[in-house]
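So this first bit is one chain, no partners, the form predicted on its own, shown in C-alpha cells.
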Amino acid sequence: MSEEVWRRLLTAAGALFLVLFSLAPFLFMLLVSASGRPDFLTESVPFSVTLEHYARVLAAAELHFPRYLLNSCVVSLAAAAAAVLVASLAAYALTRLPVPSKMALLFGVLALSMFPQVSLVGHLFKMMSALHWINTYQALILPYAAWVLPLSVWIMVSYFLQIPRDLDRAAQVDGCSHLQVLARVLLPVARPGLFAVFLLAFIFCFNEFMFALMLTRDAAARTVPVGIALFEGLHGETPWGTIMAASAVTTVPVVAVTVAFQRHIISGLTRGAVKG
C-alpha cells in the first residue's frame, strides 16, 4: 500500500481509538444502569436488561433526584448568565476604555482563578452563614459566577480584541453610548464567544461539588453531584445501578445545552464584522 493509504488508515485508527476511549466510561455507565446486576462483568451471571434503576431514580421520593436536577439547572443557568454579563462588561472596559494597567488586571484575574476551592470554602461558609443564605440558591449562584468569571473574562477579551475598532467609532459617531456600542455592535458580532462562555460556565457550575456540599443541607438547594454522592442503599451498600442511572439522566441537560448552542459556537467567528 502507498504512503497515503497508510496515513489515512493510521489517522482513522487513531480517531477510532480516541472515540472509543472517550465513550467507554459513558457506555459502561449505561450498561450498569440498565443491568439487573451491576457486577455482571465480574460474576458468572447473565446480563439482564431492566429499567428499574431509572424508575427508582425518577419516582422514589426519598432520593429527591428530580429536585436535585432542578436545583442544578436553576443554579447553573443563573450563574452562567451572570458570568456572561459581568465578563462582557469587563472585557469591553479592558479592550475599549483607557483603563490603566490592563495586563496587570488580566493576570490578576487569572491568578485569582488559581486558588483551590478548599482554601475558599471555609470563608464562603462563614459569609453565607452571616447572610443567612446557607441552603439557598443565592449561596451557590454567587460563588459559582465568581468561580467561572476569570475564564469567562479571558475568552470575551480574546473575542473583543478581534473586532475592529472602526465599528465602535462608527457607532459613536451615530450617537451611541458605551453601553449601546456594547449591546448593539460588539455582542452581536461576538455571539459565538458569548455562547462558548455560557456553555463552559454552565458545564463547570453543573458539575461543581465542593461548594454545593458545604453550602447546602438538604434537597431545598442541594445539586445533583452532591445528591448522587449521598445515595445509599440497604445496609449501607453502594447502589451502583441507581447511581449510574442518575448519572445517565444527569447528562441530559448538559448534552441538551451543548447541542442547542453548538451551531452558534461554530458559526462564523467574526461574521458580520468589517468585510473586505
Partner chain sequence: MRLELDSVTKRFRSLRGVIRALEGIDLRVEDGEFFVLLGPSGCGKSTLLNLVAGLEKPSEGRIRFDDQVVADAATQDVLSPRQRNVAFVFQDYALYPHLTVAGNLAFPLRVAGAARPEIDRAVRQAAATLEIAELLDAKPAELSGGQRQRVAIARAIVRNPRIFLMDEPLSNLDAQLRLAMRGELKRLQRRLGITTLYVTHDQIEAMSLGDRIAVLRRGAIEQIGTPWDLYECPASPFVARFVGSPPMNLVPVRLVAEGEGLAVELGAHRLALPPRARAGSALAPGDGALCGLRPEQIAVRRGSAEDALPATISSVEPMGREILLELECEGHLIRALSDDASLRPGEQVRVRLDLRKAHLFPEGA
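Numbering follows the first chain given and starts at 1. Since the structure is predicted, the reported quantities are computational estimates derived from the model, not experimental observations.
In what follows, reference is made to the form predicted together with the partner chain, a form of this protein that is not presented.
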{"property": "Option touching the partner chain, based on a heavy atom within 4.5 Å in the predicted complex, out of 132, 102, 184, 123", "result": "184"}
{"property": "Position in contact with the partner chain when the complex is considered in the predicted complex, options 172, 158, 113, 138, heavy atoms within 4.5 Å", "result": "172"}
{"property": "The partner chain in the predicted complex: contacting segment from 188 to 196, 86 to 94, 147 to 155, 69 to 77, heavy atom within 4.5 Å", "result": "188 to 196"}
{"property": "Whether 226, 228 and 238 all lie within 4.5 angstroms of the partner chain in the predicted complex by heavy atom", "result": "no"}
{"property": "Contact test in the predicted complex: residue 81 vs the partner chain, heavy atoms, 4.5 Å", "result": "no"}
{"property": "The partner chain contact at residue 177 in the predicted complex, heavy atom, 4.5 Å", "result": "yes"}
{"property": "The partner chain contact at residue 167 in the predicted complex, heavy atom, 4.5 Å", "result": "yes"}
